[in-house]
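Taking the form predicted on its own, here's one chain by itself in structure tokens.
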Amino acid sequence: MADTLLTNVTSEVASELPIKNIDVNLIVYIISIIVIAYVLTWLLSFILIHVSERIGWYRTSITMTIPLLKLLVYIVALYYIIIAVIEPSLTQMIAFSGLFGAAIGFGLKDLFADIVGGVVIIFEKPYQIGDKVTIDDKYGEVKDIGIRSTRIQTPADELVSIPNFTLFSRPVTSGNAGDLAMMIVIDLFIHPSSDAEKAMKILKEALVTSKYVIISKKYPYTVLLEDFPFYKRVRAKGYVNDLRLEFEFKSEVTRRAWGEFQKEGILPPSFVPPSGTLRGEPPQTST
């Protein structure tokens, strides 16, 4: 039923518009428009990314103009392709828009959903290029926001393409919301008999003296203690001055804190809590 209706819509579109004769010159012209659009978007991305690296603190603001410029280039390219194939009047153009929209709804709805998702991301900015995000179960740095998909680079250096329509059906979390700094949570687990007060002071000192930390009224820090049946958790929360240094920051603070723990006789717990206990739920012991 849907295929038949789509065929009828397509036939109606063709009959409503004065489509030009397709020849070699027209095909070459269309291909050249596509190539020019691709090269132009690549060149703009290349220039803006290199400029943003020199800007420093405003890096994410510069890179977020990239998807907007891509969208404008694609729209202009599509316009030139349309007028190269057809010569519509205003009335015919309105009719074409309605019929083309119906054709998209039946035959290209997934692709259209990705495009709409891309436009929403560009203007609503739930995340930006350079942000650290979690989309569905994928975490990493946003490397590119395209018309059809978003590409993120995971900590394992994998480049993952995620369809833009995912924005409408899956939770999306941004760790820095367009800011260059990002809060990092560092959890250290110690034996319940260890001196927790001293452990908190050591972790605080390791945090505030880190070369990667930024501390101000806007970027505060804190050190917390939580007691569980079989261990104590000392948690530090602070902002790394560049989100790309997330893991270096966490590693440095952890290494320095544990070095001091050993000197002060602060011992680790008898077992390592399983991952997934960062929200505070006690780990399950095995029998």
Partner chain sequence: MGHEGKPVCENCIIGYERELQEICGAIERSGSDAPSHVAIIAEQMAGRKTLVAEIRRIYGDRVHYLPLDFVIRESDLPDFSTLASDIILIDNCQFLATRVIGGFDVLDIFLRTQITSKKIFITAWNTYSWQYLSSVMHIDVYFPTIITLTRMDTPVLKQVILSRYKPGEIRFIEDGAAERSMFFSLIHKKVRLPLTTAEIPLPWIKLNFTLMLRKLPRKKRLQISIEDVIFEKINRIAQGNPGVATLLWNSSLDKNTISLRFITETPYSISLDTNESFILSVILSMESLHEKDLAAIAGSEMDIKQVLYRLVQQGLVQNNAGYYSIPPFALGPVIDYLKKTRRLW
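Quick caveat, the model's predicted, so the values are computed rather than measured. Residue numbers count along the first chain shown, from 1.
Separately, the form predicted in complex with the partner chain exists; it is not shown, and the next lines address it.
- Shown alone here, D195 lies farther than 4.5 Å from the partner chain in the predicted bound form, counting heavy atoms only.
- At a distance threshold of 4.5 angstroms between non-hydrogen atoms, S161 is out of contact with the partner chain in the predicted bound form.
- At the 4.5 Å threshold, heavy atoms of S210 reach the partner chain in the predicted bound form.
- Looking at E226, you'd find every heavy atom of it more than 4.5 angstroms from the partner chain in the predicted bound form.
- In terms of contact with the partner chain in the predicted bound form, the residue from R170, K201, R148, R151 that brings a heavy atom within 4.5 Å is K201.
- Note on the partner interface in the predicted bound form: the residue among E141, D144, D179, D114 having a heavy atom within 4.5 angstroms of the partner chain is D179.
- Residues with any non-hydrogen atom within 4.5 angstroms of the partner chain in the predicted bound form fall in just one of 252-260, 32-40, 230-238, 65-73: 252-260.
- Using a 4.5 Å cut-off on any heavy atom, the residues of 203-225 that reach the partner chain in the predicted bound form are, in sequence order, E205, A206, V208, T209, S210, K211, Y212, V213, I214, I215, S216, Y219, Y221.
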